[in-house]
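First, one chain by itself in structure tokens, the form predicted alone.
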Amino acid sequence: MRKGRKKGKEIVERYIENPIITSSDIPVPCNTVFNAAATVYKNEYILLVRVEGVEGKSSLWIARSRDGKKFEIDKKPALAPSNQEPFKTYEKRGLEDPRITKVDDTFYIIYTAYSHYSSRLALAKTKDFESFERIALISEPVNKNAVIFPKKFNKRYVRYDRPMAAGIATWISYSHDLIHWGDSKVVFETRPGYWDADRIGPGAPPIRTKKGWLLIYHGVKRTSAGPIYRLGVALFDLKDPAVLIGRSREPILSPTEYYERVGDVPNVVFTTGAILEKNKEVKIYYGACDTSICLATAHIDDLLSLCKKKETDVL
């Protein structure tokens, strides 16, 4: 436990004014808003939020803030289903669950393209959050929940993702050009008997720390009343992100508040964005019940303290 944190206090603390963004904040009629990518640009907090329109398709909108708590939404979407091929065919049912990673001077946005062919990964980029350029469709279906590392390893980009056919595991892949990916292998997987027993996937892009790369991920456990989505943390080697150092035995955030338990999809907390501040506070932006966007905070050392050793037991 970090010195100064009171015994018994939760490691992750919810923002008292949650939810911070709801459908009523969006300047057009919509069903829900959730699952926000997060970054900082020119001293401004940027969220790229998933907005599900009244017709059921999702697009990605920018929310801007000076304090990371109170956001204003742009007047139009930053990325909507494309009218140009090859993206048009695979985005007909919307764009979902973005993550933002800055590499050098470019912000890369990895997101899920959704169509009647199911989900696959797509990639776009921006340097100013005013203009955006699509790069490529970068996976076959069925694939989603991907994050890109903020640095290269041996001149290659690195990503974690969760192929749906292998929903019990998170994989690592490498690329020289961000388009063609390979050398894929499993890096960590579900744990029978735990809160992440049935499905896992990367959440926010990995955060570099002195002890390793910290990944906030989601885990799912099925119950008789349906699945429960929780958040946990895992730590990977600084030099080799394919090496798992340790992971949390318990979740860092579970759906306990009303807005996390009641909504379009009940019992869900799901992150796609987190920001490490200079004071070592981590702002975790998460979707609640696929209905709203919320904020929680934690000290980086407290999160790292949960990743003491690699979990090897299988129940």
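Predicted model, so just to flag it, every value in this text is computed and none were measured. Residue indices: 1-based, along the sequence shown.
The next section is about a form of this same protein that is not shown, the form predicted in complex with a small molecule.
Under a 4.5 angstroms non-hydrogen atom cutoff, the small molecule in the predicted complex has residue 270 among its neighbouring residues. Contact annotation: residue 199 falls within 4.5 Å of the small molecule in the predicted complex, judged by heavy atom distances. The closest non-hydrogen atom of residue 247 lies beyond 4.5 Å of the small molecule in the predicted complex. Taking the partner from the other structure, the small molecule in the predicted complex has no heavy atom within 4.5 Å of any heavy atom of residue 160.
Shown here without its partner, the chain carries 35, 265 and 290, all of which come within 4.5 Å of the small molecule in the predicted complex through at least one heavy atom.
Considering the small molecule in the predicted complex, the lone stretch of 41-49, 250-258, 63-71, 27-35 in range is 27-35 [heavy atom distance within 4.5 Å].
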